[in-house]
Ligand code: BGC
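To begin, one chain is listed below as structure tokens, in the form predicted on its own.
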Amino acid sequence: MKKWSLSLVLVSLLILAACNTNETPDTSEEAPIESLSEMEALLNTLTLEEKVGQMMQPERSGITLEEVTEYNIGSILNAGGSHPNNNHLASFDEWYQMIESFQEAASASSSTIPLVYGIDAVHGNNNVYGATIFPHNINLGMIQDGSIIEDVAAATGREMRALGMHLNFSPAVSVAEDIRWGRTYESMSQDVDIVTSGMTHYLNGIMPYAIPTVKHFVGDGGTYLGIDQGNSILDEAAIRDRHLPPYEAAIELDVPVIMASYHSIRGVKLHGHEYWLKTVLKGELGFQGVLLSDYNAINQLEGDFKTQLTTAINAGVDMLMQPFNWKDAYYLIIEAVEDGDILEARIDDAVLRILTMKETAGLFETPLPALDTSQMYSADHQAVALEAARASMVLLENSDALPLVDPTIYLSGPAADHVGLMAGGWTTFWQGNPDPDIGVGTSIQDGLDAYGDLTDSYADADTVIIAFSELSYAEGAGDTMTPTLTGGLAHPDNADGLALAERAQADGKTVIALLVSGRPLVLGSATDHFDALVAMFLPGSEGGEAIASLLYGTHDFTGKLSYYWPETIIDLDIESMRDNYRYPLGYGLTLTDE
């Protein structure tokens, strides 16, 4: 694998630039080249076409290696559910070889600038079959020890770097104000202070290993009715107070990438919102990094594609996530510059930010880290995932049912033996892995089996444990107006589980309910039939072992709610739940609470 020597790149490009003129350049009104940063010097050698190529981020399946070389592509997107050779079981070696081929293609381009490879590693390197699957952000928000979040982020970064990946489209710093939103589980909390703190720990953990992306700027969790990509009717003061602080803190940490949001603020799409992107983010807050568009989000702006691109770039977007129409974008941006609709100075600003990101991340010296499969689902990372899962589960109810003492257990419910449901969306595929066995992890059944006595006979059991679940989902597919235990996106087998709880209670058995879900759910009278209730949320691959250790009391519950838990179906937004909730934000029992 060829490595880039930044000094050689600059020398060769500067010589080529000098050879393109028959006259000695007049530098009397320019700063001497020695006073420029290395990236500014490199930028000055690039043609318009090479610069625009750096702004492109096509999807890995939407571009050929030859096109990477021809167009000087700056970044490759690995979309959720996109795998080498269209094989979700692709080996670690196949992943690495694919990324290596992209880097080799970039090295053969006229600029020889390495590309940055980006992927949604939102709870571990979750697109890769066999990677450690950590708890989702909603779980991280329940954890009281920030060092655990740092460990999760560091392990995620190591499993990315191990396969040659650089850019993580994470963490989301959304403040989910309405649990009807399908991306609720990507938010650490409804409380901006908890989000800001958790994000800070996450960035501290991942930045030594990978390039994080703080998203989605700004206020994506504050849309009306929690509609994904919808409209926020909050005024500016509310956005600044309830949604902006995580970005302010991230910029203080020199976060290299921020992603713009799909949603609108008072009817204006963020990707074209010059006030928030240019005036506030880049001006007032002084963000010096790369502003990245979301997947095809520019296409949602008004006008034809050229107008959409012009609007977004002039508003401050630097790199364009245009997975399959990137080539149209490339030519239209060049045309817009030639027409004067986009100033070349704006292109220069965008590309300098991109080059600086690459330099800071060490890509010019090490564009492709060595393959290290020993990092993937390593014993150390399993231990981190287990600790995070255990620390994030919240004990909501306990009527002397826990800890378990030598019970004979009858286990049921849709999540009882299903690691895929515990992992949730963004696991192997965009909408999650539907298989009970996702290649890694311990199911609830296997976790309990290692601790005690499980029976297939309901009659022989003195304790019934029912693992309720939501279906797996991601983004807008997870929007629902009825987030209840048996409605909306609840697993259809939850109804049978609830009937079993009523029967077991009537038969005098101890009933313990476990809830695997991407958000709090309206429970209604269901809790009348439970002697204990645990919110597991989406604990990832090690959730089964984690819950078993908690139920049996080898570890105590430490998780505290970072969301208000709704009491009724009409109290689902933050304003309503502050006054009418079942469990308050910050609530969580321990095994010794009475």
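All residue numbers refer to positions in the sequence shown, first residue = 1. Since we're looking at a predicted model, the values are computed, not measured.
Beyond what is shown, the protein has a form predicted together with beta-D-glucopyranose; the following relates to that form.
For the candidate set F468, Y185, W426, F217, a heavy atom within 4.5 Å of beta-D-glucopyranose in the model of the complex is found for exactly one residue, namely W426. Checking M259, V351, L515, L448 against beta-D-glucopyranose in the model of the complex, a heavy atom within 4.5 Å turns up for just one residue: M259.
Interface residue remark: Y117 is not counted as part of the site for beta-D-glucopyranose in the model of the complex, having no heavy atom within 4.5 Å. In the model of the complex, beta-D-glucopyranose sits within 4.5 Å of a heavy atom of E475. Shown alone here, Y96 lies farther than 4.5 Å from beta-D-glucopyranose in the model of the complex, counting heavy atoms only.
Contact check for F169: a non-hydrogen atom falls within 4.5 Å of beta-D-glucopyranose in the model of the complex.
Of the stretches 405 to 413, 291 to 299, 438 to 446, 134 to 142, only 291 to 299 has residues with a heavy atom within 4.5 Å of beta-D-glucopyranose in the model of the complex. Contacts to beta-D-glucopyranose in the model of the complex (heavy atom within 4.5 Å) from stretch 78 to 97: A79, G80.
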